[in-house]
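Encoded as structure tokens, the following chain is the form predicted alone, with no partner shown.
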């Protein structure tokens, strides 16, 4: 199936314009967080939306990406990009190791097991002080090094705008790569497992192997998002990767549209900006935020993507 080039060009144009439309450093920083959240939502959607595995341990893989990159750079003198590659490989490997046990579990059993992984990861970060500095945290983390093209350009990522371009560009590449995966025979295989694992096995599909594939790839993408978090914040503490983050990623996927590609992107954008837009209502913002999530789950179980499809079908059919 041919790539959707018009939509790709639209996405590139939106990425290029957003930092100029949101001109303050604060909102440009929110854009960086949004780009990371897009990758996190896409990573969970591959595991949950396309394979049907309720994984609540994504915050652990996010943390692995952040800490492996930072420790390799700060303590061992690695360059940022080799360290980032090692962090992605470490997160993917941990995902495969977790999958060795997770593929035997379903439903709430898998949810509890993966949640346990997130809790264990958090405790390791807190207590392995010789490596992670524990709750004291790691400070003075620098952004990715500039990209230099001799005689042409010197691209620095010290500003939120340029860091957003970097992270959003990588998020777009991740989207395109995962989109190709789910639109290929691999995607059909994953959906078959999600719908009925027994029937899939009767067709010769090795469900355990493909579940492990989804877990490993999803974990690697979450680790990739984690590589850029310390560079943006400048500090790294375990509290940034508690289990609440896993539930936030789950909310992004469900609100946007489970089992679609554009849905998690929409969910990540909405749930990144909504809390910021609600800061004006003070203490009520959490109430409004929670109410909005509840209404979406109750009345739009297919997420915002389903709501859009229903509206489009209604107007196409001539009904008001």
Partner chain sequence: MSGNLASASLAAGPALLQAQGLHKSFGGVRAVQDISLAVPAGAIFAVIGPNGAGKSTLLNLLSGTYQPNAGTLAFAGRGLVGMPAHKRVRLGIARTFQKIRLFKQLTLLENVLAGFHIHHDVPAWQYFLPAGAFWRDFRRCREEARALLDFVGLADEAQKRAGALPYGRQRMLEIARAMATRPKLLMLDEPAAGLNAAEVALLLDRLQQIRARGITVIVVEHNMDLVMNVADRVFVMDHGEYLFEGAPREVQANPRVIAAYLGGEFA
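Worth saying up front: this structure is predicted, and the values here are computed from it rather than measured. Residue numbers count along the first chain shown, from 1.
Although it is not shown, the form predicted in complex with the partner chain is what the next lines describe.
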| query | finding |
| --- | --- |
| Candidate stretches 184 to 192, 74 to 82, 122 to 130, 142 to 150 - the one whose heavy atoms come within 4.5 Å of the partner chain in the model of the complex | 184 to 192 |
| Contact label in the model of the complex: residue 202 to the partner chain, heavy atom within 4.5 Å | yes |
| Non-hydrogen atom contact residue 217 with the partner chain in the model of the complex at 4.5 angstroms | yes |
| Contact of residue 177 with the partner chain in the model of the complex (heavy atom, 4.5 Å) | yes |
| Proximity of residue 206 to the partner chain in the model of the complex, heavy atoms at 4.5 Å | yes |
